[in-house]
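Form predicted alone, single chain, as structure tokens, below.
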Amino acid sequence: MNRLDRRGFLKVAGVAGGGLVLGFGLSGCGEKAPWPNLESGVLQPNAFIQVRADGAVVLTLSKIEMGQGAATGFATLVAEELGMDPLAIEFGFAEPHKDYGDPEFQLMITGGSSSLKGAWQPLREAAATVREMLLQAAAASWNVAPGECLAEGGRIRLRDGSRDAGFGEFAVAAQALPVPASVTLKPASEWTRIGKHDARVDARAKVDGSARFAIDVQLPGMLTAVLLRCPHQGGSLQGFDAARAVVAPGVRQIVACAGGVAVIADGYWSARSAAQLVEVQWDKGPLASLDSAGIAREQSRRLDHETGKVVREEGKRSATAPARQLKAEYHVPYLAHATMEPMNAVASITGDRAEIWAGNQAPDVLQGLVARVLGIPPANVTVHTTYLGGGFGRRLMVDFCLEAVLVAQAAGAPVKLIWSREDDTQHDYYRPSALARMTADIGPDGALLSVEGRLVAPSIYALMMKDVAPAMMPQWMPAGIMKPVAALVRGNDPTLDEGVSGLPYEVPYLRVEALEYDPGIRVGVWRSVGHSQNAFFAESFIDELAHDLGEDPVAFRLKRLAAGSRHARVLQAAADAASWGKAGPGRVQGVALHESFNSVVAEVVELSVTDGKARIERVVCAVDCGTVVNPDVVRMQVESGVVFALSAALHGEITVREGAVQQDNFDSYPLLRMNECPVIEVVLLSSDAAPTGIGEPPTPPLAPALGNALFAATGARQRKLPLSLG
């Protein structure tokens, strides 16, 4: 079996699911099915853009908005081609439909830092199509050639300025015109919004409170529920006594449901208070003896005694025996997502139809899974996607939505299911724990002869195959059929090694081997996925090599990067902006360079040390992410990625005992505090290339850059996360 990329993962799932592969709508819609947002009396030549008779331009977002700025980026692309202010564009979130599928994933997935990358060409073409149809309608109305008309400021005007009118005046006439087979996009020399527009289109709604998150949804007759879940991974419900809880104020029902005990009440506090009175007996299940120390021992044993898959091997081993070897072992723990808004969803079941309101990163997957759970056609499931109070990959997994559906079915009424922070921390899909052993051969003359890495981690794709792929299968096929397919994915999962296997440095011989080990703790995608741990392994070891060979860490890297490459330019830009090597009295620096999601990021962390304790003073980030559509949004994403990574690097650690997660809230799983946050400086490199990812790439380089700075400060190398400032 060949190595799987993200698209390959979905192809395998589709083939296993009976041929439902790329381009087939999970909603059950056929090729000519209408878009969910179709309206009469409006110009709508495609699934994304409407022009109404009142002149309103409405953009349907195929991606969700979880703070990453997708709405602003998409509106900017549309506004550029329509010649209008992005803030004047109305927008809403798409319901499931095949036309909204991501070009890479072929599903309505928001992840992989693919939003702008995927929308760059098709969304501008969609807007240019609308523009050309409006221009043709105006030209016909005014009896002039289309070339005499311009779209500007949300209006159509004649080039000589003698006439103008709003878009709405031509919407109905334009709708009757044939859709152009091809359109011409504005050249970069004429851009007035792309690369310049920075006002977020969702800012006002989030400030005035009109932005609706799932937790804000209210329905007539709606109840609120909490769910008691087995604290032990893989455990199950044995029994419960709700005698005291069921008579508590506001409680409507207490039932065994969704693998746990659902407490259904008039409001959240009534449900949560009553839940504390329920006495539950749990079967700890097959992982009752599992703990973090045991997981670490097994990871080490596998690297000692087992072989994995060689995922990259380049160059030739030296015929000269090495004079010595540099060896290092690195370890990272499980990590939770810790989104600001805990998991929640609203579900309403009426007969053979279901409606779901949820902040989720995969609406069509959610639709398919709800249909499977309820045994109804996917077309009978309506998914209303809301704003998300943070996702980071967590809301790609829709377990919390399926729970809401089952509880609503049991309650016989609309239900809002709300997780507590404790639920969120202890029942996440975690960033995997992983172990790496890195080795370098050094020749008699001090030359670097080889770099080898051996990695062990669980397969994220194998788990996602099991939990997500049933949405892609006909309902008559049992979900269990995915188990052998998931087994095929193990060992062919790029998340095991991405970031180490992609090492950009030129060395005489490079070999990377990946082993898959799943102890049973459920894992998922966490901001930057496998890059989050593998950048720490790779860039920490590269830094160790530089120091071992007596070379400056930046010079060491530059010497082994192709001259003029993106990597070299980004690294040099970060070094220049940080005044590398000139940090000043009492300051030290560490550097790391990493490519993920087609973007290259270099970060320099600068520390001060007082009484043996380090303080992070500033982080300088240089980024090449292709064409920058919204500069300030990109800076926000870089700053966000740094803060997210700092939380993980300094505090993040999920530990397991008796198969149960020990952390439960921010007292035991702390996040970065304001007084810990350094100055963050961002350098955006200019590029003529199409946009690449930006939501995730700033996260991976931070931990190794910080670790490398701590080594420069103390002379002691920390090879295990989280790091200690002393």
Partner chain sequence: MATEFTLNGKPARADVDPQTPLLWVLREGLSLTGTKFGCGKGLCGACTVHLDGTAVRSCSLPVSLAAGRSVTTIEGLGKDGGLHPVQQAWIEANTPQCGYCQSGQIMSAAALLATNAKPADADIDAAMSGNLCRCGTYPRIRRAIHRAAELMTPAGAVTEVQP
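Remember, it's a predicted structure, so these values are computed and weren't measured experimentally. Numbering follows the first chain given and starts at 1.
Below, we refer to the form predicted in complex with its partner chain, which is not included among the displayed structures.
Heavy atoms within 4.5 Å of its partner chain in the model of the complex map, among the stretches 354 to 362, 211 to 219, 539 to 547, 106 to 114, onto 211 to 219 alone. Taking the partner from elsewhere, no residue among E90, F93 and L158 has a non-hydrogen atom within 4.5 angstroms of its partner chain in the model of the complex. Contact annotation: P342 falls within 4.5 Å of its partner chain in the model of the complex, judged by heavy atom distances.
For the chain shown alone, L388 is a contact residue for its partner chain in the model of the complex, at least one non-hydrogen atom being within 4.5 angstroms.
Residue contact with its partner chain in the model of the complex: D632 places a heavy atom within 4.5 Å of it. Contact check for G581: every heavy atom lies farther than 4.5 Å from its partner chain in the model of the complex. Though its partner chain is absent from this view, in the model of the complex it lies within 4.5 Å of a heavy atom of just one residue from A203, A379, V310, A188, which is A203. Of the candidates I654, I442, M636, A486, M636 is the one whose heavy atoms come within 4.5 Å of its partner chain in the model of the complex; the others do not. Residues of 417 to 437 placing a heavy atom within 4.5 Å of its partner chain in the model of the complex, in sequence order: I418, W419, S420, R421, E422.
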